[in-house]
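Only one chain is given next, in structure tokens, and it is the form predicted alone.
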């Protein structure tokens, strides 16, 4: 196949050179990590846009999900949300639309200068009428259409097979299946008595993805939906399946990353991340959260940022934004802004713990500027300068902040130790 992996075996493609420049990497090392599957560059051959690298030698990236629902279908609002996400630091967008003109919504997003992902099974179910009646031919046709339209990475729930289905019976879960894509595949399998076609016909799927050099984001259809389900069997069975599929994709020259793991206790994050990495040959890991408590609705963007930061300690590479409206409603623009900012902070913390020189220099610079009481330089160094400026400027001061004023410890000690 004419894919990035195969190109890297013979030379260094422009996309790899661009990512290496952005990340401060040796291009040859970047190409080597593409070949071994530890780095992916989502870049459909049908579309030109800014490239990003996702993997263990790159800075942690942030994805933001947007999209219409059948209950709230406002394409203009979704485009506002997309723009707000990009302004606030998102590296990619996923279109999870399930209501209205799905093709039209996707076309608008594909005009943006950023990486775009989708979940094709959503549209396939809409066309079929319901998940129970979804047929393999329709699902593969929709996957090909998304690839042909220029989508860069696809969430594909290939690991939800009959073994996973059986594990749900053997070890029932409080929340059952909370992944919408995972639930669709379970319903399809249960109603028709068939194997998941994305599992049984995985080689055919790889042919489609390879034709357009689209990244397979192997979906976490069995991610736990609450803390109580974190140790149930289905999740681990899917992990094993994703490990097998990750190796097959790499052998076929198709880029892939892994999704996981949902709601899990803080102390289990390290184990889960290491397990996924080991089983999948250190494939890039894409996480929603993890969410480390179930009882903070309205603040799940903070819960997810906590979990994401810890996950990065153990090797996570790609954080999916969690908004304050998670579990409650379709996000509005302000939810996207707050959720994106929380994820960007978590990604920066991840960069620090993973040894990013750029992130460390930002921290050192902020320390120096705070010592100097140089407010303009502090704002310039901050992740979100205007937010910091508005808070500082709301109270008049004499070079310090209104918290300490003339009792500023920094100013006092600076005068003693100039």
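Because the structure is a prediction, the values reported are computed rather than measured. Positions refer to the first chain, counted from 1.
There is another form of the same protein, the form predicted together with a further copy of the same chain; it is not shown, and what comes next is about it.
Distance check, residue 324 to a further copy of the same chain in the predicted complex, heavy atom within 4.5 Å:
Because a heavy atom of residue 324 falls inside 4.5 Å of a further copy of the same chain in the predicted complex, the answer is yes.
Can you tell me whether residue 392 touches a further copy of the same chain? I mean in the predicted complex, with a 4.5 angstroms heavy atom cut-off.
Yes, residue 392 sits close enough to a further copy of the same chain in the predicted complex that at least one of its heavy atoms falls within 4.5 Å.
Any of the heavy atoms of residue 48 lying within 4.5 Å of a further copy of the same chain in the predicted complex?
Residue 48 lies outside the contact set for a further copy of the same chain.
4.5 Å heavy atom contact, residue 149 and a further copy of the same chain in the predicted complex:
Heavy-atom contact with a further copy of the same chain at 4.5 Å: absent for residue 149.
Counting heavy atoms only and using a 4.5 Å cut-off, do 208, 240 and 252 all touch a further copy of the same chain in the predicted complex?
Not a single residue of the candidate spot has a heavy atom within 4.5 Å of a further copy of the same chain in the predicted complex.
Pick the stretch from 363-371, 25-33, 54-62, 39-47 whose residues have a heavy atom within 4.5 Å of a further copy of the same chain in the predicted complex.
Going by heavy atoms within 4.5 Å, the stretch is 363-371.
Only one of 230, 136, 296, 275 comes within 4.5 Å of a further copy of the same chain in the predicted complex by heavy atoms, so just point that one out.
None of the other options qualify; the answer is 296.
Quick one: of 113, 203, 101, 267, which gets a non-hydrogen atom within 4.5 angstroms of a further copy of the same chain in the predicted complex?
Spelling it out, the residue with a heavy atom inside the cut-off is 267.
Going through 169-198 from first to last, which residues have a non-hydrogen atom within 4.5 Å of a further copy of the same chain in the predicted complex?
Sequence-ordered list: 169, 174, 175, 176, 177, 178, 179, 180, 183, 184, 186, 187, 190.
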